[in-house]
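There is one chain below, alone, in structure tokens, taken in the form predicted on its own.
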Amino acid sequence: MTDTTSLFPKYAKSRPVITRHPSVLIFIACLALFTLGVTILSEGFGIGVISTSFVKTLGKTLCLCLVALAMDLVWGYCGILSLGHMAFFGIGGYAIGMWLMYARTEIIVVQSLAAAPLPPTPQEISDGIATQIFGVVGASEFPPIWALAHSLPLQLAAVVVVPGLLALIFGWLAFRSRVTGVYLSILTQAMTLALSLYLFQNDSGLRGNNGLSGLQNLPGLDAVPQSVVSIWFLWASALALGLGYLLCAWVVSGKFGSVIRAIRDDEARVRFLGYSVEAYKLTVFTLTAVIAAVAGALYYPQAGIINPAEIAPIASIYLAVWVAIGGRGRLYGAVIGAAFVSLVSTWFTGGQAPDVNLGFYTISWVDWWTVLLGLSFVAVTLFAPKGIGGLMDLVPAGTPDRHGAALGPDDSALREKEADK
């Protein structure tokens, strides 16, 4: 038997992910400097140059960058164009939002009942909380889905378990049937639409179209100003994004990453070589669903509200556009695309971009932003298929440096010097 370590000496021992993925160190350094700079310029801990509302916008942008990383891993590296990952993002937001709303309402109810002649019973407190939360939809009892809403650890576990389980079941059913390409994209979009339509119903247990609100108010921290809370969430979002980038870089830099890229390029050949394609795809699909849910759990407390419209299929389509504009197949490209489009969207739709008067018609960017985004997507596809990230490649492509080793499994395989000719 041929000793493969003699044929591939460079890969005989595993190397740290940072050396295999040079962009990791650069990205982490830039993220740390960005977080430090915003903290110094913020109102909560710094000199007050950056407003609290804009700090929240930056924190939400970091969360969108994290879900874009998940999308790039499942689409850019594994070739699964999922149009449903924002559903997992929303599930994470609902999971943490249930606890925030319950705990906040419990404090209000207990304070209001404190003046009663007799101390309130636990049942009276529970009924008061349920009436406060669900009175808007004509209900006064907790649905079964809220059974764990009183416990922060259990709801944090739900942030990971619920979307992970949903992705596992959906992916197993889809991948075992070998649904691929546009058909799989349609299935993921149908899943998202079904979930969104269900949540719009008042009897869904999540307040229907009203959604969950007041999430920016952390229970028991009323004395802490929002300027400080916003920085806390910025730190948490930056930490999650940094860890998410490290995780994704580790996944794509080893043998696992080579296999999923091969699946993206030629699934039939990978299956012929004996790899369990379905297992690899299911692992990536489930992992990225959990990453998206964690991003949602950090996003919506900064947004303050979540409703079923956030899970609509159009949100997942926007996510795919962000990754395409940034450059799919490049982790930093996904981050660049999400950050760029998110901040530019905030500028155009927030009324900060001046209207353009053409004489016969006035262009209002609030109405025309989606058209501009669509044209940008088409332009990138036609003229810069590698996206924005491709213009600043941190990992130059080229022939693998094998120091003259064979490019195949045996000694007669084409060697590096021959391949360069």
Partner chain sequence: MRHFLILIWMVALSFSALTVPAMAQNMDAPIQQLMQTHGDALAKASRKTIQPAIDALTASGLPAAQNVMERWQAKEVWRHKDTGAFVIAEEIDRDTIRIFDPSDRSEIGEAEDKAYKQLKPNSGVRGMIAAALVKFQLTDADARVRVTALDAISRDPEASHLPALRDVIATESDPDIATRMTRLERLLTIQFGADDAERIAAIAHFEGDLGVDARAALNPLVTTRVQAAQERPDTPDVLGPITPGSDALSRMDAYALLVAENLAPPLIPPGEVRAALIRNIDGDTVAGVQVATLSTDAARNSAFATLVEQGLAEPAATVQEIDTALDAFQFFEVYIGAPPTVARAAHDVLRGIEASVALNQTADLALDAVSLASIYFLAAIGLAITFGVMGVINMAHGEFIMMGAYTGYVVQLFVPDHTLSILLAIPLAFMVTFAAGVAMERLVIRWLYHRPLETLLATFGVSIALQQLAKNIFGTQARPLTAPGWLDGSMVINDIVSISYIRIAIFILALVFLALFLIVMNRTRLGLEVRAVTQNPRMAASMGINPDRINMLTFGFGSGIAGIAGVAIGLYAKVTSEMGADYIVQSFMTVVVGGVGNIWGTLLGATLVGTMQKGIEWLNPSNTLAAQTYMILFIILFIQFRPRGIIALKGRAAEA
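Note that the coordinates shown come from a computational prediction; the quantities given were computed from them, not determined experimentally. Positions refer to the first chain, counted from 1.
Although it is not shown, the form predicted in complex with the partner chain is what the next lines describe.
Note that among 26-34, 360-368, 57-65, 43-51, the stretch whose heavy atoms approach the partner chain to within 4.5 Å in the predicted bound form is 360-368. None of 350, 153, 225, 181 but one reaches within 4.5 angstroms of the partner chain in the predicted bound form through a heavy atom, and that residue is 181.
Here is the short version: of 134, 245, 170, 102, the single residue with a heavy atom within 4.5 Å of the partner chain in the predicted bound form is 170.
In the predicted bound form, every residue of the candidate spot (190, 320 and 381) has a heavy atom lying within 4.5 Å of the partner chain.
In the predicted bound form, residue 219 stays away from the partner chain, with no heavy atom inside 4.5 Å. Residue contact check for residue 120: one or more of its heavy atoms lie within 4.5 Å of the partner chain in the predicted bound form. Though the partner is left out of this view, residue 203 does reach within 4.5 Å of the partner chain in the predicted bound form, counting heavy atoms only.
Using a 4.5 Å cutoff between non-hydrogen atoms, residue 177 counts as a contact of the partner chain in the predicted bound form.
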